[in-house]
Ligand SMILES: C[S@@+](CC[C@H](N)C(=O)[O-])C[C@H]1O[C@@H](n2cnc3c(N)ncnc32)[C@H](O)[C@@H]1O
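Here's a solo chain for you in structure tokens, the form predicted alone.
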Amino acid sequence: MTVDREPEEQTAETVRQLQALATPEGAAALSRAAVLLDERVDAVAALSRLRAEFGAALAGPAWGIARQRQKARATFGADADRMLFTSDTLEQAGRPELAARRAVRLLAGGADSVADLGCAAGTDTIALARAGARVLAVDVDPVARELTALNVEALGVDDVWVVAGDAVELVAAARGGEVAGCGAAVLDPARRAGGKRQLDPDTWSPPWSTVVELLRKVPTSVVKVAPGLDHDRVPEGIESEWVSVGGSIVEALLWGPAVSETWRRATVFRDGVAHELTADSDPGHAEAGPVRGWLHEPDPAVIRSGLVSLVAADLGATLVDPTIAYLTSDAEADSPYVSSHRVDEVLPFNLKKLKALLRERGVGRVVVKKRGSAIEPESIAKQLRTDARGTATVVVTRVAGAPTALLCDVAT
């Protein structure tokens, strides 16, 4: 994880504010700000009260950090109320349960020291230390280093050293399978600049060349990458993994050659349980066929990893179209890798005819899904609304190249 560098004077002021919030008086200001947030006091009134109680120097920073903590609670639980985040570092911070999972796998081969190259708020550093590693937390940004040091201290984590360093320079100097004297490494390149997502890996910080160099020089390593990374970019001998939680991809990883176990992996978390689909080589494409009694929507991690054909083979399913990642079969699927919908009607996509069919079937409310279509689901759902009491799912897609509507899960 890394954060964009700020002007020197602003950086110094941010560090000063973080240090002030780590004092007993700062902690009291943060606690008071949290109470005001929980009571839904508006920002102007809350800041006025905080200034009156703690002074202007603490009021603004306490309010800002308290807001980030409030956002972080859903992800970090009780730890959130002891940690410090900026908006950027909170956005970059991954889920702690996934950080713990990565740490365990990285250390499974016996490595006991890890360089966290670009430590941001220290969330990976903390997970690695809790897993038993000695961690060197490195960042060029003084704010990131201060956040990491304070968060490590607040959570009572041992065996962490926070130092200034540039990932590009450290990777360039790596020798003997180690970087910065550590036998393993974690790297999360910054993929935003000026508030915009950087789609080209060569514009990441550090850039793609450093990612490839790290994976080559330090075999026990893992790099977080953008989920949309071109598969052709992945070096030979490197495992690529896509991880989804609740039906959304939350991270994509490249595992160094000493940690790689397969070619590609899709990890799907359902109800807190990880289901892993792997392939040692390209399984090829699934066959296409006519729509049958059930439609199956593969999890995004399965789609992005290119492993849909493995699921199709397991379910005895075919694609509705060679270019669309919807599967169809005669039976409902008992699989963590898909969501299934019973198909009640198949018709060419035509709003007028579709609405007439919904009225005929007693359907008044629909959830609209799409794939391979330019429609706006929310807009279509409003246009299809009737005064009937039934519900259904409408899937707008292509079937054998033709725009098609599938009426699914009708309940009246």
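Given the structure is predicted, the values throughout are model-derived calculations rather than measurements. Don't overthink the numbering: it's just position in the shown sequence, from 1.
What comes next is about the form predicted in complex with the ligand, which is not displayed.
Of the residues given (81, 97, 213, 166), 166 alone sits with a heavy atom within 4.5 Å of the ligand in the predicted bound form. With the partner omitted from this view, the residue of 329, 205, 309, 278 that lies near the ligand in the predicted bound form is 205 [heavy atom within 4.5 Å]. Within this chain, residue 93 lines the site of the ligand in the predicted bound form, having a heavy atom no more than 4.5 Å away.
Remark: residue 139 counts among the residues lining the ligand in the predicted bound form, judged by a heavy atom distance of 4.5 Å or less. Residue contact check for residue 301: none of its heavy atoms lie within 4.5 Å of the ligand in the predicted bound form. Using a 4.5 angstroms limit between non-hydrogen atoms, residue 183 is distant from the ligand in the predicted bound form. Of the stretches 311-319, 241-249, 166-174, 265-273, only 166-174 has residues with a heavy atom within 4.5 Å of the ligand in the predicted bound form.
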